[in-house]
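The chain that follows stands alone, in the form predicted alone, written as structure tokens.
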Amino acid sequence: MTANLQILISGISLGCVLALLALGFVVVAKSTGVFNLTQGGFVVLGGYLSYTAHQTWGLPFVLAVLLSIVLVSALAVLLEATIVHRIATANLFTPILVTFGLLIIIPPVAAGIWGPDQKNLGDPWGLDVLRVGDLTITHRDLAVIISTLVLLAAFGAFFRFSRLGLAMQATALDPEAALAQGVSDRTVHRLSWGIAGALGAFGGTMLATTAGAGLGPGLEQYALLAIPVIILGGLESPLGAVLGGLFVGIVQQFAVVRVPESFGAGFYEVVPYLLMLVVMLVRPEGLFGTKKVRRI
């Protein structure tokens, strides 16, 4: 029982990061109609910029993370304004291919700047743990879970009460009607990319603090793990992204520990994609997505 609770806590921590990364995909897709694969690049840059700000420039960890979020968010807005917005309405495939191209470019550029070696982010938690009975919870997992709850609450308040948040919802529901009411689609698109960049930077930093993982090449692959999450939850559903992230994180952690070695050493890595395939066969729009109605 204790071992299963221990796995559950680790799964919730991983699921929180996946949920934030998936939210980045959902916010852009819902507001602009673009499936933004550059999210993986934002994860990489977020981790490395936090490292530079904390380890090289000597900023406190929290300030380093905030600076990383601001810088990656600004880069995301710049990419949307100079590249993606020009082809956003071209057709279905062009924006996907362009964002995929940006994803291919960013990690090698990061490796060229920071080198291929693993780096220690120097997070403030280290290997410290909180003991609750027989359970041990790392301070890093607690920080990830609490930070995610705070961010989700902030997002909920932003979309429900702020003018920009309401404008983004209006654009997502009916872009033409929102434009007629004076809502600028450019502002909404750039804001959604800025939010995606911020979520990617924070997620990348948290992933880089995982015990035994560190910061190094390949971090963008974790962002791609968010794709099964949004397929599972529904591409246009923020609630689905959060619940899907938690579900996939928990299932993958149980797969890491409980799946027999006879299935293969890396079987746990394909479990989220197996879940995605099953959901797509049964409910293509995702568990929380809106079913499309075709009028004949």
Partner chain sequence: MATDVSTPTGSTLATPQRTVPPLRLVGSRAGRIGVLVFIVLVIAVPLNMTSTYWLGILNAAGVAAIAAVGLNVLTGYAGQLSLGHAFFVGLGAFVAQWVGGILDLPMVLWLPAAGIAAGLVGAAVAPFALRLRGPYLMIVSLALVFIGIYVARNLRSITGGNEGTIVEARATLGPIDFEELTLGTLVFAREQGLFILIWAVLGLVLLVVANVMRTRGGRAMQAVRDHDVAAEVLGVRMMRTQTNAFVLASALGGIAGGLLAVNLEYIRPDSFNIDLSVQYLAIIVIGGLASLWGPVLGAVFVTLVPVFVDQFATSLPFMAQGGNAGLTTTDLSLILYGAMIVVFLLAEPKGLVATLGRIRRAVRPSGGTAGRPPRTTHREDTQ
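Residue numbers count along the first chain shown, from 1. This structure is a prediction, so every number in the text was calculated from the model and none was measured.
Omitted here: the form predicted together with the partner chain. The next part is about that form.
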| property | result |
| --- | --- |
| Option from 139-147, 172-180, 87-95, 67-75 whose residues, in the model of the complex, bring a heavy atom within 4.5 Å of the partner chain | 87-95 |
| Residue 156: touches the partner chain in the model of the complex, heavy atom cutoff 4.5 angstroms | no |
| The partner chain contact in the model of the complex: residue 270, any heavy atom under 4.5 Å | yes |
| 4.5 angstroms heavy atom contact with the partner chain in the model of the complex for residue 28 | no |
| Heavy atom of residue 235 within 4.5 Å of the partner chain in the model of the complex | yes |
| Heavy atom within 4.5 Å of the partner chain in the model of the complex - the one residue of 166, 152, 224, 129 that qualifies | 224 |
| Sequence-ordered residues of 29-60 touching the partner chain in the model of the complex, heavy atom within 4.5 Å | 35, 37 |
